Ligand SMILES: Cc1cc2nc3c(=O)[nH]c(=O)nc-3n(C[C@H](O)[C@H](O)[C@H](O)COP(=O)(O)OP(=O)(O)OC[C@H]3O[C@@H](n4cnc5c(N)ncnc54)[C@H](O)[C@@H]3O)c2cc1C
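In structure tokens, the next block holds one chain alone, the form predicted on its own.
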């Protein structure tokens, strides 16, 4: 049954991170709310029936955007549009993923809010996985850094303990990184059927490093295809290498897809293979 906002009993707007964490720790039927763009999705899936209160994170000052030689640092409440319009030098995979998000969502959706859904068909999640982002998690006076792969425990299962919230994201900067994002959807602004984010390090004509992330209509949160990465790493940057590596996605065990009313599992695997090939070829200029 969809959530009825009129049944909400409490709506808090704390002024400090400590206050927000305390409210969430003391009330197991409260949830944090960032931009709120995913609330309709949760409601339609009947996931908010037991929720009595929202804790807004809008007044915590978590909207900074900073860059250094080592990292891009983002506050959890930075909206997609703010990140897109920032003058920060961003990896192509990040900019392309942001442009794939409908503008209506970009204007209110936040980086931290999208991450905490762990949805595989949210574009930014796939891009940040390809970039090996680190998640800054705060609970009261305790702060910890969590790698994005560990943070994505499963769909709607972020690695957050009671009373913890995401306060920031750190994206490593790598000189000369080649990256890109591609998606296939049934409609212009629809959720991705399959999406691909790649981040590649090339040295003297060889793939020195590779991260290939896939999202879309999966049964899991976004995943890295390490078999594809292994088939690239250490091999020459040629069309033959890329085609062979992309074909390994057809048997990649981490790619957990099923047949639904949109496409068969076989079609999704083939689509992932094709998008990986096209994206890498485009990124390396072949």
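Here the structure is a predicted model, which is why all the values come from computation and not from measurement. Residue numbers count along the first chain shown, from 1.
Here the subject shifts to the form predicted together with the ligand, a form of this protein not shown in this document.
Enquirer: Quick check on residue 191: any heavy atom within 4.5 Å of the ligand in the predicted complex?
Expert: Because a heavy atom of residue 191 falls inside 4.5 Å of the ligand in the predicted complex, the answer is yes.
Enquirer: Residue 216: heavy atom within 4.5 Å of the ligand in the predicted complex?
Expert: Contact check for residue 216: no, nothing within 4.5 Å of the ligand in the predicted complex.
Enquirer: With the partner left out here, check for me: in the predicted complex, does some heavy atom of residue 124 sit within 4.5 Å of the ligand?
Expert: Yes.
Enquirer: Any of the heavy atoms of residue 33 lying within 4.5 Å of the ligand in the predicted complex?
Expert: Residue 33: contacts the ligand in the predicted complex.
Enquirer: From the list 184, 155, 177, 101, which entry has a heavy atom within 4.5 Å of the ligand in the predicted complex?
Expert: Of the candidates 184, 155, 177, 101, 101 is the one lying within 4.5 Å of the ligand in the predicted complex.
Enquirer: Looking at 115-123, 142-150, 201-209, 84-92, which stretch has residues with any non-hydrogen atom within 4.5 Å of the ligand in the predicted complex?
Expert: Comparing against the ligand in the predicted complex, the contact stretch is 115-123.
Enquirer: Run the contact test on 38, 80 and 105 with a 4.5 Å heavy atom cut-off to the ligand in the predicted complex and return yes or no.
Expert: The answer is yes; 38, 80 and 105 each reach the ligand.
Enquirer: At 4.5 Å, heavy atom to heavy atom, what parts of 205-226 sit next to the ligand in the predicted complex? List them in sequence order, or say none.
Expert: Counting only heavy atoms within 4.5 Å of the ligand in the predicted complex, no residue of 205-226 makes contact.
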